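Presented below, as structure tokens, is a lone chain in the form predicted on its own.
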């Protein structure tokens, strides 16, 4: 795992964020600082508010109260496409590709975006004249075999492992500063997860800040330098992985009476 360079100001900040759906409080006064270079893991029981945090940051829901800032700019209430244009992207737990298109064409679409045009293409070099080539380059970067037919296959025919990678590739097409991964390991085999871990590390090496909502704790702890635990919509504890998992409040709220070793193996 790459070492994080801690800056004085966070790249992403949540201040007293609350979200109420009807009479249900999904988030309650959550504060969070994400620093440039972080790989931050967010964990918690089902229904603890993890995906609500993703949706809040990326503009898919409006807050009941609180503010969210990206590089010091207030992005509270901005539309999702405006936030993505600023450089904050996300994957979806339930994948949302264009299933009827070939895989590479899922990337051609974001490569036509204003942000992609401003940043000058994949990795900020060259031009966007040949978007097909750039799309294939990105797919190769995240694990598609370049000399195979897979990038040209109809997306609906791809297995889950490739669809998860395609989610990441669509983020990368926008030259993001932050990627928020909503259970990127979910539904993958152990070998597929093993190949995804070095990919996450490479993205961090490239200077991308990553927030990961995840249930696969053992794999998450390989890449995350900080962990935040949510419980009933509130931040329970935050810190480095070993300290967080040793906290008695986490054991009680998140794991109940289960043994830690069993959770780490089967989570």
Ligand SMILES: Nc1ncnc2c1ncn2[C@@H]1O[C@H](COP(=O)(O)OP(=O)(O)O)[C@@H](O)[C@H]1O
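Residue numbers count along the first chain shown, from 1. A quick note: this is a predicted structure, and the numbers were derived from the prediction, not measured.
FYI, the form predicted in complex with the named molecule isn't displayed, but the following is about it.
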| Tell me, which of 51, 58, 225, 204 has a heavy atom within 4.5 angstroms of the named molecule in the predicted complex? | 51
| said: Please pick out the stretch from 38-46, 237-245, 64-72, 216-224 that is in contact with the named molecule in the predicted complex, where contact means heavy atoms within 4.5 Å. | reply: 38-46
| field | Residue contact check: residue 200 to the named molecule in the predicted complex, 4.5 Å heavy atom | value | no
| said: At 4.5 Å between heavy atoms, is residue 211 in contact with the named molecule in the predicted complex? | reply: no
| query | Given that the partner is absent here, does residue 229 sit within 4.5 Å of the named molecule in the predicted complex, heavy atoms only? | reply | no
| Might residue 26 be said to contact the named molecule in the predicted complex, defining contact as any heavy atom within 4.5 Å? | yes
| request: Let me know which residues along 157-186 have a heavy atom within 4.5 Å of the named molecule in the predicted complex, or say none if there are none. | output: none
